[in-house]
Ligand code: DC
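Single chain ahead, written as structure tokens, the form predicted alone.
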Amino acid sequence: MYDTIVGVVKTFQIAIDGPVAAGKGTTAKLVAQRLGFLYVDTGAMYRSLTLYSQRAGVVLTDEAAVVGLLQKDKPHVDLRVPSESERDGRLCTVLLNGEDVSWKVRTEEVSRGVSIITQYAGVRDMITPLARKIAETQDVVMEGRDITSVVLPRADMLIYMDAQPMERAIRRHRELLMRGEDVTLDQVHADLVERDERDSHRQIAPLKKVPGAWILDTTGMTIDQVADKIVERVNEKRSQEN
């Protein structure tokens, strides 16, 4: 559609936030496919910087060391639609300095680290402008933990996806077992609860439900059912605007 004020193409932006294992990533990918939108995985961008920092041996709780390393080395992170040979269940292909790290950034070690470095303003400053620029040029579905509050607060649709903690833990545990990781459900649940607490109380861009957001509880729902609900509401909104 076109912006009648400035005469330029106006993109349609769907912003999705929510805690770990709420189903944001897979749902966002399905919604993007069904609507013909670009799926932007900002979490994968942060995970890539986490992996880079871990490989460099810096202590992630040392903000100055992490930010200093990333500002000095400027690791290049890129996202693309998976090629035919890369269709192994990934949501997108993640490249770190040209290396395919799509699955390497999904380990529990990286998951624990990413919620630490996303608290650092210097790290967020590297990601947020890039994500916004993408959304200004294409219709997007973007998910993360501060998309509705910080990155795209004026998105056409703001969604907060959630589910009961134990259901999210079961989902996450199943996912990790399929990847061959040896971890118990109790440990996954404990890590999930701890991460929820940390993400909700961090000083910079805490996970929160912004005013006007659609609170979508996915407990007991399949990914297809969640995607269908979102696509239906998007189509209704777009038809009303036209």
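Computed from a predicted structure; not experimentally measured. Residue numbers run from 1 along the displayed sequence.
Same protein, other form: the form predicted in complex with the named molecule, not shown, and the subject of what follows.
A residue is said to contact a partner when one of its heavy atoms sits within 4.5 Å of a partner heavy atom; Y46 meets this definition for the named molecule in the predicted complex. Shown alone here, R202 lies within 4.5 Å of the named molecule in the predicted complex, counting heavy atoms only.
The named molecule in the predicted complex comes within 4.5 Å of a heavy atom belonging to T118. S53 falls outside the set of residues with a heavy atom inside 4.5 Å of the named molecule in the predicted complex. When the named molecule is considered in the predicted complex, only one residue from R124, K104, R90, R171 comes within 4.5 Å through any heavy atom, namely R124. With the partner omitted here, the residue from R34, H189, K209, R195 that has a non-hydrogen atom within 4.5 angstroms of the named molecule in the predicted complex is R195.
Here the chain stands by itself, but in the predicted complex one stretch of 174-182, 56-64, 38-46, 212-220, 38-46, has heavy atoms within 4.5 Å of the named molecule.
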